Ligand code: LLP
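Shown next as structure tokens: one chain only, the form predicted alone.
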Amino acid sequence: MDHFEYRGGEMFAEDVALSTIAEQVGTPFYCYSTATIKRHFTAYNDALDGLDRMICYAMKANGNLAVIRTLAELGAGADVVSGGEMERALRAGVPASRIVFSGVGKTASELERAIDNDIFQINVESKQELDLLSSIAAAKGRVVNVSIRINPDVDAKTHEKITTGKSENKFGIDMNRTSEICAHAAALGGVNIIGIAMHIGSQLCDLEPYRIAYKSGVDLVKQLRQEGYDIERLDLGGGLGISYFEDGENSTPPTPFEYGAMVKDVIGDLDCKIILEPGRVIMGNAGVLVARVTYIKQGPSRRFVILDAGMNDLMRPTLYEAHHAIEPVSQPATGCELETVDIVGPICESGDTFAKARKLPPLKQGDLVIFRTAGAYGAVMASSYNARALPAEVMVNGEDFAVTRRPIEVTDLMSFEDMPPWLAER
């Protein structure tokens, strides 16, 4: 459920008409619903009731500071995958004691910053990273708590570009080497292995891969305890899918309640603190992208609806062949005849296509449309390709709305550039 719906013939975000925001902010822009964010987090958290848990929002889904602060005020931590995300989490008010640092390529400076901030946990993904982390910690007279991210070699049966738990993926350490890595860590001095972490992929719509991976994690924790390691934490990652389709036929993901029941069943009486890293399931349906129709172009065989938003604003259809429901902001007449159109953007790339042969109500120049389920992996993946502005981000809270990130214009971007001396103006 989300809080974007037609009222009196036009689309509202909570109690604010999207056309009102468009008039004041311009298009394209992203719009996030506070009520939806809170509802989704609460549903996910409640589904895990009874577990000793910490829910760390996966910031890669949406790094807007207002989004992060909204979740932090609900008690969420942050799962970060770069030093930049760590800085954003801290700026937004996430306590360092609720930050988990994941990622396969952490640099020395990022690790040092994590140690200096005394964050909750670093998920180590290679022997070399473990060695580097230990040397940095030892130089500071510190011993750092870490979890070993394992690769359980489980096929999440999701898009090849967002699977992370198979043996050929770059993430994690071969599960069969865990004892070896723990023994190596014990001899280093600057690290303390207290947990096991995993993450098998994103947009999972089947609980069975989770069950298989989590069972392997539980068995590994028990094995390592028998070997003398004090394993206190099990990080299960995130990845629970959502539906991007209007009718739900193409993907019917488990509910948070069904997911929570599975987790409780697998974890049993393990007596571990469970860390979970949801992202998309909280933010996906909590945001929309609003764009305006620039032109309607009739080709020899196809009818094109050209928008002022492009693949630089919403990369998912180009990158993942992803589907987003597209709807007019003005509610179409009941029973109106649909048109078959391609929805495209202004970018000088044939790949700048949001939808092909999509049946939509008739649209005309100047109309506003929304892309649903754009709150995750939308604005956070935007670029300035073709020297285009980065889109504004807006948050709605009941009858109020605020621009939480203004459009980043080409003049802003050019302010970071300098001519070399031999090309400087004379």
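Residue numbers run from 1 along the displayed sequence. A quick note: this is a predicted structure, and the numbers were derived from the prediction, not measured.
What follows is about the form predicted together with the named molecule, which we do not show.
- No member of the trio Lys106, Asn151 and Lys215 reaches the named molecule in the predicted complex with any non-hydrogen atom inside 4.5 Å.
- Using a 4.5 angstroms threshold between heavy atoms, Arg98 stays clear of the named molecule in the predicted complex.
- Residue contact with the named molecule in the predicted complex: Lys60 places a heavy atom within 4.5 Å of it.
- Using a 4.5 Å cutoff between non-hydrogen atoms, Phe120 does not count as a contact of the named molecule in the predicted complex.
- The named molecule is not drawn, but in the predicted complex it has no heavy atom within 4.5 Å of Lys273.
- Note that among 376-384, 32-40, 390-398, 354-362, the stretch whose heavy atoms approach the named molecule to within 4.5 Å in the predicted complex is 376-384.
- The contact with the named molecule in the predicted complex, taken as any heavy atom within 4.5 Å, belongs to Gly239 out of Pro256, Gly239, Pro209, Gly77.
- Screening Arg316, His184, Arg233, Arg113 for any heavy atom within 4.5 Å of the named molecule in the predicted complex leaves a single hit, Arg316.
- In the predicted complex, the residues of 193-220 lying within 4.5 Å of the named molecule by at least one heavy atom are, in order, His199, Ser202, Gln203.
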